[in-house]
Structures are given as C-alpha cells and as structure tokens.
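The chain below stands alone and is given as structure tokens, in the form predicted alone.
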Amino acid sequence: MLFNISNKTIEQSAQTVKFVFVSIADYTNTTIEHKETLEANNFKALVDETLFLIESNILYVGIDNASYDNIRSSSAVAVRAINTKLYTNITIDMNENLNDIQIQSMCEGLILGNYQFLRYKSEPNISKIKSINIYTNKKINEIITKAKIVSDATNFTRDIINTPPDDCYPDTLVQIAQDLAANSTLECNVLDERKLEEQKMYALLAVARASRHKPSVIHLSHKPKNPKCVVTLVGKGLTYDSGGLSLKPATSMVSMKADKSGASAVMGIMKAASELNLPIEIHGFIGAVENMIGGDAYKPDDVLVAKNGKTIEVKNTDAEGRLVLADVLGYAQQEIKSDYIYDFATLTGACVVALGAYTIGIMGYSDKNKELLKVAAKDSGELVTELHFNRHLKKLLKSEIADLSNISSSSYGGAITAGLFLSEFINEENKEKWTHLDIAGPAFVDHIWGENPYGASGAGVRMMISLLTNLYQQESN
C-alpha cells in the first residue's frame, strides 16, 4: 500500500473514495458536509461506525473520540468497508490537530485493516486498494514510514501464524528466519537436532521425538554499533500441538497452528527492529518444534532433564510449550548477557479464561519491567494485565520423584503456575530482568476485532516495538 503526501487538495475520481473521520465533538459542534444525510441515517459518530455515501464516494467514519485506540480501530473498520469494492485509492484530509501518535495510529489501522490471508482461496476477493493520498501541511513522512514498518511486520507475523501446519513446520520457520536475515542486517544461527543434543536440551528434544519434522532452535541477532542496552526475546514455536499422548479433544486441536505465535512474534519484532535500525542490541531465540503422537512419543510419568540440569516429572504431555521454553531460555541466557529478557508464548488456556480473548497476561519479578510493558501496550493499542506470582501457587508444582512437575496439582491458577514453572529456568542473576508474556488470548481469535482480522493478530509486535523505542530513549537519558 503506497502513501502519497501532499499539501494540495487531491482531486477525486471514480476510483477514489474519501474518508472523513468524525468524532462526537466534531459531529455535534461543527458544520459537516452531508450532516442532514448523516442524521437521517442515525449516524452518531461512535467508534467503528461507518456510513457510505456511494453517490458522493465518501465514507464517513465515526471515532467517538480521538484516542489512539479509537483512531486505529476505526481506520481499520473503514478500509475493510471498501477494500473488496472497485476503489483503488483512498483520500484523507488530515486533521491538523492530530498529534504524531494519532497520525501513526491512523496509518497503522489502514494497513492492518487491509490485511487479508487468501493464500488458500481458489477465487480470492483481493483488496483493490493501491494507494492512500493524504492532504496535510504537516511533515509526516517519518511517522508514516514507522507506521508502515511496524504494521508490515505485524502482517508478516500474521502470515506465519495463519499458515497451516503441513506447510509450516520447524524447517519452514528456519527458512523464514534465514530469508529474513538474508534480506536485512540481521544475523541468523540455527541449532539442528545434533547441536541440540550437544547443548543437552533434552526437554525440548523429548517434545519433538514423535514428529517426522526435526526440531531446531533459531537465533536471530540485531547488532547496531554502540547499543544502548541488550534485549533477549524468546518465542515458543510449536508449529502444531496435538497434545501428544495426553491428546487434545478434537475441537481443541483446531487452530493449534497458532501455537507458533510466540515464535512468529519474535521474528516480526526482529524484522521491524532491523528496518527501524533501533540502537539496541536484540537477540531473538525460537524453539521450533512439533508435538505429535507415535511410538516414540514422550509419555506421562517420564522424567526429563532440562538444559540447566533440573529434572521434570511429566504429568501431561500437552504442557509441552513450557518444556521447550525451559531449554530455550537456558540456552539464551548461556549465549547472551542481557539487560532485559522477554518470552512470548501461547502458553495456557487458563490465561484466556482469566483475562478473555483480547488481553496478554504478563508475569515476572520486576515491577519496573512490567510497568514498561503496560506503558508500551497503552501506546500501541494492545492490552496487558499483570498476573501476580505467589509462593503458595509455586508449591503446586512439587514432584515426589523429580525437582518439579510440568503441571500444577490444582486445576486453578494455571496461567500463573505455568509462569512460575518457567521461572525455575531463569538464572538467579536474571530474575529481575525477565518477564513472561502469555499471549494465548489475543494471538488467534475466530472473529474480527478492532484492527485485527479473523485468525492471527500478530499480538506483541506493536507493543514490543513501542517498548524498545521507549527503552533506547530511557537509556539515552
């Protein structure tokens, strides 16, 4: 999608539709063209409300108020309203009162809302939108460039997640990462099965044992000169999760292609960080594994030895993501001395039960780091809620025959006990640097919501780019 910026009024044509964004305050306090028609159609300028005047080629878009979230969401709704029609261009007279973040939010909404995953449609109804023409006297080229980079990285992430498991398995993630590095300043290193054995990642290897697709650990690096700080990102990359021998119910297996959302988000973040040339050293680690059933599958009652030497009693083979992350977190800490460590995983259905389908659960020991995430989420339009660790829940991971169990002995507090399990694989000196993000809720949803489509949302990408931007500004002061 091409953005054209002009300080001259752009002429309309039959292939061009004009977007007019209206807040409740605008609607009630100013004179708007076609106001009588809007009132006759009961248009109230509420967020995500649209009214299309076909004879005038004008789409009125309600935003309720000019908050970043409302602008982003309504921009997405607007572009969806016309992206399967014959219009090829959109024009917008940019309100000069909009600040930089509001302008970025609008551009993000337009790009994210225009996303379509049509790879498997025999007769795809592809969006005809080619360009967006913006009339403004403000200098907004840099803002739009950033919005494009962040939104394109989010859509890149969505594409990976939405790809079915028979077309996206561990080797596919490796190829995507290598292609990403080949076309950017990123570096890529891959550990194959033999190297994983050398690194004693026996928990990860156990999860992968029954699959015909061999596991890998991917390490992507962004290394600018004189970085302000060092950040490690770790992503759960279960390209498919059958549940293993603790087999999932049939309905729960649908959408398990999305169990690679954490890994996909890490790649999207690395892509955007490279293109933005952020002055922070960033390392992305991905555990690419498939959890299947078969004669060689790992079993309930097995005891696994993780990379850090801790033993794990397997009580449920469907709690496999934490086993993969345990080893990848250990490897990441071994390889890189970081100032901040974040892991991303569709880890628990319990987090969805607790927070709903739209909110990321964040856990960790550092209040400062969790606050950084909350600020970044608010700026980027994502939703996070803190889930608090406590020592009583940690006792539920006790095992009589190993150092700990891979699931809690209680059916309650599952998201927190999963986070506490991961904390057992964070070195003591890194406890205050690490934050866990359970993205199980918003990563993949079966309906359109705001700027997000059916399916993969790219959860975490926009938020982390906002956080990384805030970090280098903070570290510069």
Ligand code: BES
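In case it trips you up, residue 1 is the first one in the sequence shown, and so on. Values in this document were obtained by computation on a predicted structure and should not be read as measured data.
One more form of this protein should be noted, the form predicted in complex with the named molecule, which is absent from this view; the next part is about it.
Each of A319, A350 and I407 is positioned with at least one heavy atom within 4.5 Å of the named molecule in the model of the complex. Of the residues given (S105, T239, T157, T346), T346 alone sits with a heavy atom within 4.5 Å of the named molecule in the model of the complex. Only one of the listed residues (K130, K395, K248, K223) places a non-hydrogen atom within 4.5 angstroms of the named molecule in the model of the complex, and that residue is K248. By the criterion of a heavy atom within 4.5 Å, C188 is excluded from the residues contacting the named molecule in the model of the complex. When contacts are judged by a 4.5 Å heavy atom cut-off, M256 counts as touching the named molecule in the model of the complex. Of the heavy atoms in L437, none are within 4.5 Å of the named molecule in the model of the complex. The stretch among 157-165, 256-264, 138-146, 224-232 whose residues place heavy atoms within 4.5 Å of the named molecule in the model of the complex is 256-264.
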